[in-house]
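As structure tokens, one chain now follows by itself in the form predicted alone.
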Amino acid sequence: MFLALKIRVSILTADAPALKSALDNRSDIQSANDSFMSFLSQPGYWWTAAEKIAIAEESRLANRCALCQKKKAALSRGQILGQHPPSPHLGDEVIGIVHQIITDQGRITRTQLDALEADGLSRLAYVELVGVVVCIFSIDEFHRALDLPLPSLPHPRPGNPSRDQPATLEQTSGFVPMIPRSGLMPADQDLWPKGFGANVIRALSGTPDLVRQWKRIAGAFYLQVEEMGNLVQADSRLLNRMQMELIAGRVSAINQCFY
């Protein structure tokens, strides 16, 4: 959710021609969107394409979910009983965690994930789910901020999940297995620069293609990971870094971003 909370900045005062011109000059944004939609249409590591698309659909429904609003307002989420409208591809527990990632992520607990795992949702399947939600929510928030229609979700392609997983995973911190900072295999050297490996990136490293998609979206909407050390101004941006972080910090505070 971290990127999405940073980009919810409205520029609705801009006139339509100026906005179109600005977006036409940023082909990287459309390229990142198209890349993710293509990725979404294909079977993943632990989910079929139809299930991945259903996860994306549920993320779009979460903010309008009356049950989730009641749970968020309650002192304890467990006080509020009920079920979400059914999905042909997802069980209620999966729908519930997708909605909570959008509406009440600060109260996701290890105990809760242990219970989901006991019910059949593995930690790595959860990582892939989170990655799909983070990426589609980031794309959607960008469109909402500019008062643009949300992009259509793709049609699913047939096939089974690969169930591939990195060989060097470890779980020494956080709720999910991650590749160690210095544990990148040759095929995964593009996931983060040497000596970097921030947890916000490594959290998705159990499903490496989600890191790649997230990085591409983050690079278009915010900054390339490789430019994070530039605290002055990236060549690809009109705002300097202080301006960007002032906006990001204010938006994060408004959205109560615990990260």
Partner chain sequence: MLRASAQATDTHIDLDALLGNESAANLGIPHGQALLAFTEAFMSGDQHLLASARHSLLEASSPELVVEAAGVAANFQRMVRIADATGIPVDDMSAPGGIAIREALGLAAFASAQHSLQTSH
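Being a predicted model, the structure only gives us computed values, none of them experimental. Residue numbers count along the first chain shown, from 1.
As for the form predicted together with the partner chain, it is not shown, yet the points below apply to it.
A.B. asks: Does the 4.5 Å heavy atom contact test between Arg64 and the partner chain in the predicted complex come out positive?
C.D. replies: Flag for Arg64 set to no.
A.B. asks: Using a 4.5 angstroms cut-off on non-hydrogen atoms, would Ile29 count as touching the partner chain in the predicted complex?
C.D. replies: Residue-level check for Ile29: yes, a contact with the partner chain.
A.B. asks: Indicate whether the partner chain has at least one heavy atom within 4.5 Å of a heavy atom of Gly174 in the predicted complex.
C.D. replies: Although the partner chain is absent here, Gly174 would touch it in the predicted complex, with heavy atoms inside 4.5 Å.
A.B. asks: Does at least one non-hydrogen atom of Val200 fall within 4.5 angstroms of the partner chain in the predicted complex?
C.D. replies: So Val200 counts as contacting the partner chain.
A.B. asks: Checking a candidate spot here: are Glu141, Met178 and Glu245 all in contact with the partner chain in the predicted complex (at least one heavy atom each within 4.5 Å)?
C.D. replies: Yes, the whole trio is in contact, each within 4.5 Å by some heavy atom.
A.B. asks: Determine which one of 162-170, 100-108, 184-192, 75-83 lies within 4.5 Å of the partner chain in the predicted complex, judging by heavy atom distances; exactly one does.
C.D. replies: Checking each option against the 4.5 Å cut-off leaves 100-108.
A.B. asks: Could you list which residues of 18-34 come within 4.5 Å of the partner chain in the predicted complex, counting heavy atoms only?
C.D. replies: Read in sequence order, the residues that approach the partner chain (within 4.5 Å, in the predicted complex) are Ala18, Leu19, Ala22, Leu23, Arg26, Ile29.
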